[in-house]
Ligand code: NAD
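The chain that follows stands alone, in the form predicted alone, written as structure tokens.
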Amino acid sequence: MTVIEEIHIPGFEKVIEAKNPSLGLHAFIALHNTTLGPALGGTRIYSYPTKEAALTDVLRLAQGMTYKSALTKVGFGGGKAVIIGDHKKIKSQEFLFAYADVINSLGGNYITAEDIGTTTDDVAIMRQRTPYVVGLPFGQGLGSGDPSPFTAWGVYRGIQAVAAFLFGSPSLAGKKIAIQGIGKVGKPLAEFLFWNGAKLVVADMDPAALTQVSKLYGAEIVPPSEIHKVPCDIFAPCAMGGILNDVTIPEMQCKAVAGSANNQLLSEHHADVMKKHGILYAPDYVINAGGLINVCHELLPGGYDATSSRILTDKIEDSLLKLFQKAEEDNLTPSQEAINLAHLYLDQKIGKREIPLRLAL
């Protein structure tokens, strides 16, 4: 039996904790803001050291999704879910069914998708119990498959914006880029960068993945603890959050940070620290929006349109370039400039969902 309890968190519309010890289910779902539409955000399964760490992560992730959805004007709000545990051990059909029932308890105010520790196949199993999922395997119902390549493509276009702003050209030929994490997003990002002439340095916890990327794309391998210290043009965090902090920022030897990881700043004040160190930061909730854009396209009235999704993802480059220019004019960090813009959209309800969601079991 799953027990669901609500937790009051100031600034959040709803936060719940769900437990089913017999199935190993211990989840937190946070709905940050649904002004523009129902909250949308993936479900992350991760071996958090404590439940407090899991709660902190889900709150930060949900707030980031609010900004991401607002800035991309996709008609959704911000929410996220985390489940405590080893995804390789705890997942089963019964486990995913129980979790889907928790999603149903929110009455359509939260829609989920895959994230770290979950897959499109997991989403397909959940779909048997709840309509409130997107990112199904390609060819299954509304499914468009794994959105990670779209996230990677958006990050690639964002890196081009960084190059254009710093170096006067979006060309990445000869630019040295250090990628932290070569998983579902980091690996396709490495491929895009390689074929466009970048020199790659990579780090990951998976030796086999490192060997493959090194051979395929001529990437130099460094230990995970050293990747942020590599002298390079651009550092691309594509793993867990909190990598930009009081310890790592002074050790960085890059000109910019532009990657797919969520919540790269341990705290918002670290955006100011980055600026003081002369490092340009591409806000994660702007540059990594490609996956969100893609799953939202599953819900178009006419059905999924890959070309439309790619075209909108391409616009990340222009959006970031304009953000960098405006932040420079206003003497703000790009992060603060983006947050101000997101709040403007929320206050004026710009991009609010007008078309009902096309969801059905």
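Counting begins at 1, following the sequence as shown. Small disclaimer: the values here were computed from a predicted structure and weren't measured.
Keep in mind the form predicted in complex with the ligand is missing from the figure; the text below concerns it.
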Any chance P137 has a heavy atom within 4.5 Å of the ligand in the model of the complex? no
If you check in the model of the complex, is P131 within 4.5 Å of the ligand, heavy atoms only? no
Would Q180 count as a contact of the ligand in the model of the complex, using a 4.5 angstroms cut-off between non-hydrogen atoms? yes
Quick check on V201: any heavy atom within 4.5 Å of the ligand in the model of the complex? no
4.5 Å heavy atom contact with the ligand in the model of the complex for all of K68, P147 and N262: yes
Can you pick the stretch from 163-171, 89-97, 231-239, 248-256 whose heavy atoms fall within 4.5 Å of the ligand in the model of the complex? 231-239
Using a 4.5 Å cut on heavy atoms, which of G197, P224, G218, G108 is close to the ligand in the model of the complex? P224
Taking 4.5 Å between heavy atoms as the contact cutoff, choose which of L142, A124, L280, I116 touches the ligand in the model of the complex. I116
What residues of 70-99, in sequence order, lie within 4.5 Å of the ligand in the model of the complex by heavy atom? none
